[in-house]
Structures are given as C-alpha cells and as structure tokens.
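One chain comes next, on its own, written as structure tokens: the form predicted on its own.
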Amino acid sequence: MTLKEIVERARQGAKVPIVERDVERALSALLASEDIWRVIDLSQVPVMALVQVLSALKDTGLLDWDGGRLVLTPDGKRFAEAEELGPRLELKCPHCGGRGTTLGPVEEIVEKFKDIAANRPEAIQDYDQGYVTEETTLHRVAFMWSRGDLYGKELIVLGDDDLVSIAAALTRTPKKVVVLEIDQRLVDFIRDVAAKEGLPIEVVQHDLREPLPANIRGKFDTFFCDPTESLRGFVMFAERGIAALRGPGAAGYLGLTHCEASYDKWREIQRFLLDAGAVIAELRDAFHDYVNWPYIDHMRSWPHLPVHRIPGRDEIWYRSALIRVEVVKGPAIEERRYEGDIFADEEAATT
C-alpha cells in the first residue's frame, strides 16, 4: 500500500480535490487524536475531502472506527511510521491562543461586550450563521486597532452575527460604524444596543446578493466580514467589501477556513483579490474560534462523517484564518447581482 494508492481510492466518487499531502495530514492528526472533531481541526483538510480519505484508510485496513472513536490499526500505525509521519503538534501560545496579539486597551470593554453578546439571537442555518467566541471578536477589534484601521476610521461590517460593530463602537475609537445585515433579528438587536449604549452604529437591512447602496460604495476606510465558504459566496462578500473602500491604503478583513476551503480555492481567492486591486497584507491562521452552532447535526457533512457525536458548545473544532487585505490600486470592482444559492459548493461542509 502506498500514499498514491490511498489517494486514488479516496478520489473515487470524490467531487473535491485530494492530494497525497492530505493523506499525510490526516494520518498525523489520527496519530494525535481519536476524536473526530479534533482530527478535523488538526488535519486542516477540508471536511468533504477528509471523509473520503478516512473512508479510504478504512477500506485499506489502516483505520477503524468503533465506539465513536477513530482508531489507527496496527497496520495503520506501521504505515505511518514507514512514511516517517509523526503526531500533529499544536504549539499555540497560551497567552494569545496563537493569534499573535493581545487585547491591549480593548481589555476595558471585555465584560460589557460579553454581557451584551450573551443576549444575541441564536445562529440559524438559513443564512449559514455560526458566530465566533466573544474573545475572538474582541481580538479582531484589537487587531484592527493595532493596524491603524479602527481609530478615527469609518468602518463597515458586512453581516454581523459576531457583533464586531458593537465591540468596535464600544472602544469609542471609530468615527463611524455601518452594518449591512440581512437578518432582521440582528438588525433589531444591534440597533437596540446602539441606542441603549449611545454607540455611533448605523444598521441597514441589506441582502448582499444585491449591489451596495449608492451611498455606501467607496465611502469607507475599513471593511470587516466573515464570508460564507463557497467560492462564489466568498467572492461576493469580498466584492462588496472592496467596493465599499475609498481606494489605495484602505483595508479589509475576511475569514477563511481549511475545513471548507482547499488550497485550490485559496488560490482562486488570492487571484480574485489581486485582480481587484488588493494584496494580502497579513494572514493569521486559526485566529477565529467558532462556537458550535445548534444545527450541527443538520449540516451538509454530517451524514458523511464516520462517527456521529455532537460536540459540546465550547468544544472548538471549527476555526478560520484572519486575512487582512489592503487596496494598492483602484479598486477594480464591477458589482453584480448574485442569483440563487451563495452558500453551497462541493467543498461546503457546514451549510
């Protein structure tokens, strides 16, 4: 048995890209943990590709699952050793969680923000919602502040179940904060909080499948969004964000996972950003930790998982990178209307 043979078996019937390195990553994760959610997190292989790899490993006698655990067989352990693979290491800084930043002056709003966030509407599948931990949102704001993208700036947030607008406004540093949000529950919630706390937040109910309102386009210094993970949906969010920026020197922030995005997709996204006149200025992997959403047993990948165990609410397995882009030319965006489903593609796992 060789890596090439395992990949060929995994690719049978697969609609997502799978390469030998994906098998190596999966085996390293399996050497480190027998828990499905931990393996997903550690492997950094898109879920819909990982399930194909796990199935191929089982078919070849290298892996078994029993009692809800993923167990490498003796042959599997010998195979990994022969391939000179070791357990995946996760060496995160215990102070910053691997983000490479501290909260700094944002520490002053931690308790206030957590109290507010505790009453937010629950995430729903209709809009592919799944919010990050309160700590993650606060670190986002601190990071923007540290990069000169918050203090005295005009910020637009595209979709805001994470309440970035509230956390940013609580610092009293942005000149203006505007939110475009489709979910009326969140529109009402953010408006109510802004009124109660005296925050300079304007909330507009808007479906991002439609082009930006004329008074939004080209007016902002910074945008923040956490796009859906389909290539089409991600590009749509990025288009709207970049179109909202004033021009060179303006910055945007986006999140992108390994769980639902192969490096093929990452490559297409990078090409789009370059063509739009932007450059990836910084990337912090696994910056965002997500709270487990209530519809996890209804997500697209659930029937394909080899074992079925609903993780605890705070059992973090879904993470995404923080990507900071900066406009260097233009921007060159021709906004268009997006018809139909923007949430699903072959790599989508959580929709």
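Keep in mind that what you see is a predicted model, and the values were worked out from it rather than measured. The numbering used is simple: start at 1 and walk along the sequence shown. If you superpose the two forms and keep the largest set of C-alpha atoms that fall within 1.5 Å, you have the rigid core.
Separately, the form predicted in complex with a further copy of the same chain exists; it is not shown, and the next lines address it.
S.K.: In terms of non-hydrogen atoms within 4.5 angstroms, which of the given stretches 78-86, 166-174, 266-274, 186-194 touches a further copy of the same chain in the model of the complex?
M.R.: Of the options, only 266-274 has residues within 4.5 Å of the partner.
S.K.: Is it the case in the model of the complex that Y295, Y338 and A344 each bring at least one heavy atom within 4.5 Å of a further copy of the same chain?
M.R.: No, none of the three is in contact.
S.K.: Contact between S146 and a further copy of the same chain in the model of the complex at 4.5 Å, heavy atoms?
M.R.: Taking the distances in the model of the complex, the answer for S146 is no, it never comes within 4.5 Å of a further copy of the same chain.
S.K.: May I ask you to check whether E315 falls inside a 4.5 Å heavy atom distance of a further copy of the same chain in the model of the complex?
M.R.: Yes - in the model of the complex, heavy atoms of E315 and a further copy of the same chain come within 4.5 Å of each other.
S.K.: Is L62 a contact residue for a further copy of the same chain in the model of the complex, using a 4.5 Å heavy atom cut-off?
M.R.: Although a further copy of the same chain is absent here, L62 would stay clear of it in the model of the complex, with no heavy atoms inside 4.5 Å.
S.K.: Within 4.5 Å, heavy atoms only: does A278 come near a further copy of the same chain in the model of the complex?
M.R.: Within the cut-off, so yes.
S.K.: Can you pick the one in L180, I242, C259, L254 that has a heavy atom within 4.5 Å of a further copy of the same chain in the model of the complex?
M.R.: After the contact test, the surviving option is C259.
S.K.: Where, within 37-62, is there a heavy atom within 4.5 Å of a further copy of the same chain in the model of the complex? Residue list please.
M.R.: If the 4.5 Å heavy-atom criterion is applied to a further copy of the same chain in the model of the complex, 37-62 yields W37, R38, I40, D41, Q44, V45, P46, V47, M48, V51, L54.
S.K.: Any chance the CA of R69 moves 2 angstroms or more between this form and the one not shown, core superposed?
M.R.: The answer is yes, as the C-alpha of R69 shifts between this form and the one not shown by 2 Å or more after core alignment.
S.K.: Please state whether R21 has a C-alpha shift of 2 Å or more between this form and the one not shown, with the rigid core used for the fit.
M.R.: For R21, whose C-alpha is compared between this form and the one not shown after core superposition, the shift is 2 Å or more.
S.K.: Given that the CA-CA distance for T102 and K92 shifts by 3 Å or more in the model of the complex, does it become closer or farther?
M.R.: Distance between the C-alphas of T102 and K92: shorter in the model of the complex, by 3 Å or more.
S.K.: Considering a change of 3 Å or more, are the Cα atoms of T102 and C93 closer or farther in the model of the complex than here?
M.R.: Closer in the model of the complex, by 3 Å or more.
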